[in-house]
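This document opens with one chain alone, in structure tokens, the form predicted on its own.
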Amino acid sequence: MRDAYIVQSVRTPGCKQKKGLFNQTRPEELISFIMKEAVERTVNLKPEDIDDVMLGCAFPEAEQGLNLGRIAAKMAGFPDEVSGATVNRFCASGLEAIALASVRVSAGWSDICVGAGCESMTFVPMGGNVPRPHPEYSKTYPEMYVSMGITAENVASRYKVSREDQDIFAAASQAKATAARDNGKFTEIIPTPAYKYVVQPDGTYKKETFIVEHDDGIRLSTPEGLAKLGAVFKVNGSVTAGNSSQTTDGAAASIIASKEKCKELGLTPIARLVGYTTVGCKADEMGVGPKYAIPKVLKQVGMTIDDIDIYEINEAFASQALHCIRELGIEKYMDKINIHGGAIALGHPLGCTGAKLTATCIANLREVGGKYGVVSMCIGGGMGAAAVFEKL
């Protein structure tokens, strides 16, 4: 197996579904822009050097359909010879895409491959436009189709995660994200063009462009303020809009190259994927996935929780993130976990999230002078995924 190195990792801002700044910007425009920027910002790399694109997308239909991986490559200006595929592992799709891109390079199937993620939850909502659960199986095993919010309620009640603790955790996420935004810590973000359609005097619409520089869902909160919000998934429940991840639009891309190609073209490695794993769990408590996936990947690479400098654990819900942190025994390392906030403040653009968190993890390792980072998330249907990255 060959050495595979990440030579670039960037993301767009994340913007709120329907109410955010990307609500009239199609997913193809987001992902093609960030892929083009990833190449252009990599010294000595040209589009024709890319062999293949692995693109994560949780609901690859409608505007995100027809093999978005190939369409995005063409819209980015890559030549015909650059192929593309769309990868779906729900919330881990972007991380899966980066893992597959790394494997392709390590196996010698590609010399340079893009691992990316994209989701516009404005254009394609959670569950897709026309969900069709199997009629008999949905009666036998309805947990496979249950709302993610109900799974978060299940985690909260089964594992005794209090509403107060969830709101404290959520407020902390917002506070960290606010401070990071205000102090220019999101160095992995590329200011991204967005579009809006403005009605003209003659009744036609003009497509206008503006630039989005920051995640637009950050909202400084207090536990006391969040405590006033009502539960949204269960009567007398504890999971609210304030302690859940935001549904979001966004895209991210990493470029992975072989050691040989780095030497040939003069590319500078910035990180590498050390290990990656997935694991299944009960579908009706899918949020517990990281507590199984993180130990599994650490065992795979011969490391322990004490070896990790940065944890990016997706905050699908405060209940599940808190439970996993406690079960993993890493509460003592809260200063290493989601140091600039998580999905409660920054959003969870489904198929983009793994690619987005990879860019964030690498940037944060650089900031703190760390060497090893973990990216992990729970996955709809009852799974967890985790990866270990090494900063070079």
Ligand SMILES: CC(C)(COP(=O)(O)OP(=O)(O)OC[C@H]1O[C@@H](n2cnc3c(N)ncnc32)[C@H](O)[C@@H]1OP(=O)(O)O)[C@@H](O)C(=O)NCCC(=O)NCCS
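Numbering starts at 1 and runs along the sequence shown. In this text the structure is predicted, and so the values were computed from the model without any measurement.
There is another form of this protein, the form predicted in complex with this ligand, and it is not shown here; the text below is about that form.
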property	result
A316: touches this ligand in the model of the complex, heavy atom cutoff 4.5 angstroms	yes
4.5 Å heavy atom contact, S244 to this ligand in the model of the complex	yes
Interface membership of F186, this ligand in the model of the complex, 4.5 Å heavy atom rule	no
Contact label in the model of the complex: F233 to this ligand, heavy atom within 4.5 Å	yes
L95, K176 and H214 each touching this ligand in the model of the complex (heavy atom, 4.5 Å)	no
Per-stretch contact check against this ligand in the model of the complex, the hit in 206-214, 186-194, 234-242, 76-84 (non-hydrogen atom, 4.5 angstroms)	234-242
Heavy atom within 4.5 Å of this ligand in the model of the complex - residue from M144, I305, V301, M126	M126
In the model of the complex, the residue from L322, I255, L273, L226 that sits within 4.5 Å of this ligand by heavy atoms	L226
Interface residues of 71-103 toward this ligand, as seen in the model of the complex [heavy atoms, 4.5 Å]	C91
